[in-house]
Ligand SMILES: NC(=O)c1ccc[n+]([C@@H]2O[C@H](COP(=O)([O-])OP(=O)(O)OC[C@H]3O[C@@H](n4cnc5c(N)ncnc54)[C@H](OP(=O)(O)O)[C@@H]3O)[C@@H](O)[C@H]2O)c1
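Coming up is one lone chain in structure tokens, specifically the form predicted on its own.
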Amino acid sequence: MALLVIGGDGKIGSKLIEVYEKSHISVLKTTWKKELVTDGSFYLNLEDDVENWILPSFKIDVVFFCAGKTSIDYCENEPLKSRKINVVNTIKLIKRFCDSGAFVIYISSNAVFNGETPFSDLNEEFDPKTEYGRQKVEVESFLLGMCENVAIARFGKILSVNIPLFNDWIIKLRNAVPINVFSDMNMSPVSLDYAIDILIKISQKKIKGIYHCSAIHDISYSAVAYFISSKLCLDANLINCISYKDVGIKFSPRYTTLNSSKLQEFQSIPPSPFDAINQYLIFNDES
């Protein structure tokens, strides 16, 4: 089975490739870095025009679409540039892959919803509150209406083992420097390893439709900071709780959880949000 990762340089794409290669499964990828182009790595920059991008000459069975601009701020500040990447070129490429007979797995987000209720259902009405969310809705709407062999994987938040914000908190707390954390900004994170496992299982079944993946409940950023300080025996008195509104952020969803019951098809149970935090701490303690 020929596998292709669109966005092989990113957090999700690079981890997918790493996991497959550890199992001695060859994976093709795209890269936006021309110096990294090889026989199994194709140059692709979604900022360019992609109409003439040449598909691999052999049949691709599964495409993981992991490329795009995921920064909320970037999408708000650069709506036209981000839309070209996240919507226009993304749709053009996915349509070409679908027409070629490939099964496409598109990574989406809880940002397609308004965040006013917990455990958003698979068929809940779209109501995005950010430009990033609106762009995800536009792509999803096209895929659901036009493509037969596509799976949409919506995630709450995916945490890798390198999280600059958490790294910064720890450095400051270890140096007795106070930190400001949001008490009213929430997330329902899963670890990158857990997300990759779900994506691979979707690719194995090749069942079209929507999949939800989030932790079993939300946690605030302040709860994460207190958890980390407790685990590392750092001074929690240095943690100052503030509102996201205090720094000019216009919107943050009250709830980010998704109804992930469909994952039972894979014998997978939504994890605690602290599982992802623990994995981050364990990795950084060992490294």
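Just count from 1 along the sequence shown to find any residue number. The structure displayed is predicted, hence computed values, not measured ones.
Heads up, the form predicted in complex with this ligand isn't pictured, but that's what we're talking about next.
Item checked: Touches this ligand in the model of the complex: residue 212 (any heavy atom, 4.5 Å) -> Taking the distances in the model of the complex, the answer for residue 212 is no, it never comes within 4.5 Å of this ligand.
Next item on the list: Could you confirm whether residue 47 comes within 4.5 Å of this ligand in the model of the complex, counting heavy atoms only?
Entry: Yes, residue 47 sits close enough to this ligand in the model of the complex that at least one of its heavy atoms falls within 4.5 Å.
Note to self: Since only the chain is shown here, I'm wondering whether residue 200 would be in contact with this ligand in the model of the complex (any heavy atom pair within 4.5 Å).
What the structure shows: The answer is no: residue 200 has no heavy atom within 4.5 Å of this ligand.
Next item on the list: May I ask you to state whether residue 253 is within 4.5 Å of this ligand in the model of the complex, using heavy atom distances?
Entry: Residue-level check for residue 253: no, no contact with this ligand.
Note to self: Within 4.5 Å, heavy atoms only, which of 32, 227, 244, 53 is in contact with this ligand in the model of the complex?
What the structure shows: Checking each option against this ligand in the model of the complex, the one that comes within 4.5 Å is 32.
Checklist line | in the model of the complex, the residue from 103, 132, 113, 169 that sits within 4.5 Å of this ligand by heavy atoms | finding: Exactly one residue meets the criterion: 132.
Next item on the list: Given this ligand in the model of the complex, answer whether the residues 10, 67 and 155 all have a heavy atom inside 4.5 Å of it.
Entry: Yes, because 10, 67 and 155 each have a heavy atom that approaches this ligand to within 4.5 Å in the model of the complex.
Check: Since the chain is shown here on its own, which stretch among 138-146, 122-130, 94-102, 156-164 would lie within 4.5 Å of this ligand in the model of the complex, judged by heavy atoms?
Finding: The contacting stretch is 156-164.
Checklist line | Neighbours of this ligand in the model of the complex among 102-129 [non-hydrogen atom within 4.5 angstroms] | finding: Stretch hits, in order: 107, 108, 109.
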